[in-house]
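There is one chain below, alone, in structure tokens, taken in the form predicted alone.
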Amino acid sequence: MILSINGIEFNYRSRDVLNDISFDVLPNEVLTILGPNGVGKTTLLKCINRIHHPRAGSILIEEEDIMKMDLLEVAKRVGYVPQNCEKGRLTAYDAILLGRRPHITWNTSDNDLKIVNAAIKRLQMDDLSMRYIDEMSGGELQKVSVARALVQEPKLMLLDEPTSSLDLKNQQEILRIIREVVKVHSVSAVMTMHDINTALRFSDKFVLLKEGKIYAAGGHEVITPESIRDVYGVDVHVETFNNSPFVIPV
């Protein structure tokens, strides 16, 4: 088990945001958290990454309590791609290299540079590597953020709307790479996403959130007309194409 969440509760001041959230993610699995805006998807990712501290429950990474880890150990095990990436006067190459910081003891090694170069090649970013990130589009910056998480070589990747600023081609490429990394390196990924059909193509498991609670959790079988109507308030058909389900609004 790479990630085990047990009874997580979180509130902003007096407003409850997450209530009794529990689920597990195994190696080689991609899990996507679905639900409407404001339901707590991003908050849940931030709890898993120890940016937020839940008021109750536990979060275990490889059976160790993340709340008892020092931040360096968290950074070695968890790679986080937020919705909005901070901009600065750094080249894309240097920004990606920062992902190796948890592993660098003194100076950057040849192995660190090799890992960064491999990530740049894998994401087809050679033409972006020497550009400054404060001059990049949202989609280009998103690719830098994903590459930085990859070079951390984490056991768990957390991705908050990883395709939100990308065109169709780059959406497919980023998600294909994430899935490849998960399968080849026996790691896990937890994503949030608004596009249910894209999630269905690239995810193994789903958690549907409604009003801060888990409405349903499981594989493709939990994506039904009834669950989509209850969670999103929209009537849909769920059809099958090429052995994969997809959602069609009525």
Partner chain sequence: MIRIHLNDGEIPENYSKYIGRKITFIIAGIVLLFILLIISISVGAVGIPPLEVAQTLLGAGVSTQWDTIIWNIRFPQAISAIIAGAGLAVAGVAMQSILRNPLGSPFTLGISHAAAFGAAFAVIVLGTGTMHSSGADAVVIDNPYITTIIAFIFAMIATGVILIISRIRGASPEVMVLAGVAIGSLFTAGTMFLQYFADDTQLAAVVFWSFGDVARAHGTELILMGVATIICSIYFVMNMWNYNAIDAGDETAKGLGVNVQRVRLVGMVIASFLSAIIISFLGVIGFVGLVCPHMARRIVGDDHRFLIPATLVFGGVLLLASDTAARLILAPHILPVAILTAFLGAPVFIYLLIVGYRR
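Numbering follows the first chain given and starts at 1. For clarity, every value in this text was computed on a predicted model and none was experimentally measured.
One more form of this protein exists, namely the form predicted in complex with the partner chain; it is left out here, but the text below deals with it.
Engineer: So, residue 222 and the partner chain: in the model of the complex, are they within 4.5 Å at any heavy atom pair?
Structural biologist: Although the partner chain is absent here, residue 222 would stay clear of it in the model of the complex, with no heavy atoms inside 4.5 Å.
Engineer: Taking the partner chain as it sits in the model of the complex, is residue 173 in contact with it (heavy atom to heavy atom, 4.5 Å or less)?
Structural biologist: Judged by the heavy-atom cut-off of 4.5 Å, residue 173 is well away from the partner chain in the model of the complex.
Engineer: Answer yes if any heavy atom of residue 137 is within 4.5 Å of a heavy atom of the partner chain in the model of the complex; otherwise answer no.
Structural biologist: No - in the model of the complex, heavy atoms of residue 137 and the partner chain never come within 4.5 Å of each other.
Engineer: Can residue 168 be called a contact residue for the partner chain in the model of the complex at 4.5 Å between heavy atoms?
Structural biologist: Outside the cut-off, so no.
Engineer: For the chain shown here without its partner, which stretch in 199-207, 33-41, 182-190, 214-222 has non-hydrogen atoms within 4.5 angstroms of the partner chain in the model of the complex?
Structural biologist: It is 182-190 that comes within 4.5 Å of the partner.
Engineer: With the partner chain taken in the model of the complex, which residues across 60-77 come within 4.5 angstroms through any non-hydrogen atom?
Structural biologist: Contacting residues: 62, 71, 72, 75, 76, 77.
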